[in-house]
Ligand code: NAD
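Before any questions on binding or motion, here is one chain by itself as structure tokens, the form predicted on its own.
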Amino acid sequence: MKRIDVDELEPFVRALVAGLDADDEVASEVAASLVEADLAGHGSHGSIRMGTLYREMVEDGDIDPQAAPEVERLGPTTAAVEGNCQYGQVVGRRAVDAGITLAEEGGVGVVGVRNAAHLGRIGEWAERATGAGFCFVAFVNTGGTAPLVAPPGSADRRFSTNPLAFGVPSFGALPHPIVLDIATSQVAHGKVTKRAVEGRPLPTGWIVDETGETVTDSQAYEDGRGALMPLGGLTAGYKGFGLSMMAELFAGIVGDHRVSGQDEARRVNNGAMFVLVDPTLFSTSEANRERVEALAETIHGASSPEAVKTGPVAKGEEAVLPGEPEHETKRTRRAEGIPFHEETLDLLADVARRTGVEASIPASFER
């Protein structure tokens, strides 16, 4: 494991994106988002993507680095964004910016998104919206592409991880917004891919095969064995499945995008519904600050007996508010560097050599 300084990493990732035929603006926006994911502790949606999914999508024509997203205002509080399969990090920015404009003018903004390639870490869009002072909700699907998840009682890959994201400003009560970004499957697919690159196994209960056995070999899943279970697994997977179907339909209807069953031969292609709401229309900032303070004190004041565990993949042994782990991880990694397995650094360096930007490989990548 090595730690890479953010000031070294971001120019390198920018060079990788540019090496795959993107202009400077696109390369800067994509690199900023990927490194932000690395800083937040979500490496599954960070720089590693340039060595796996995004490189493959550009090479196969599923991402068009030269495309221009189109924003169409549909009414006083509604807009549609046609991504034209540009990088989702570019499309997501345009969608949030459109929602902010609508919410500033009319108190609410509802934005439909289609053909966004891969929107990346949806929590980033929640953070951008809350940073502008708005509450945020997102429902995301893949329009029938990238089937990875099975319905309850099945091991057939029928739909995608269909994430949900929510964001609420903290109104000065906390140094970070309250942001929840979750897959409606047991885990985001990127976390499985990251473990496969690093040669690490999976926890039990994430993936099931047709024999009913759990799959812990991350590469075996990448090669087609088994399917991700819906959020809740065997205990409450019907709830995760239900949430996923709502994400499928809201993203499909508001985004004017496809849903599972209307397959298209693409690797990933996100549709979404983004909703931004001005909270000051309903209550004062001071009253909302008091709400956040009370909630934070209640959660942080809960006892944490050693015998009661948060779970094998939770971050820490005590309950924290959504968005708190990312805030603390960013602070630490900006000071100490971002940890990477050497297998990931080797993969990214290989992409740099293949795309003719090997001069950009940081010296710190060397073993």
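Numbering starts at 1 and follows the sequence shown. Here the structure is a predicted model, which means the values were calculated and not measured.
Below: the form predicted in complex with the ligand, not depicted.
- Not displayed here, the ligand is kept clear of Val168 by more than 4.5 Å at the level of heavy atoms in the predicted complex.
- Mapping the unseen interface onto this chain, Val187 counts among the residues with a heavy atom inside 4.5 Å of the ligand in the predicted complex.
- Gly120 belongs to the set of residues with a heavy atom inside 4.5 Å of the ligand in the predicted complex.
- Under a 4.5 angstroms non-hydrogen atom cutoff, the ligand in the predicted complex lacks Ala335 among its neighbouring residues.
- For the marked spot (His45, Thr310 and Val320), a heavy atom within 4.5 Å of the ligand in the predicted complex is present in each of the three residues.
- With the partner omitted here, the stretch from 257-265, 160-168, 242-250, 76-84 that lies within 4.5 Å of the ligand by heavy atoms in the predicted complex is 160-168.
- Though the ligand is absent from this view, in the predicted complex it lies within 4.5 Å of a heavy atom of just one residue from Ala155, Leu180, Ile100, Ala196, which is Leu180.
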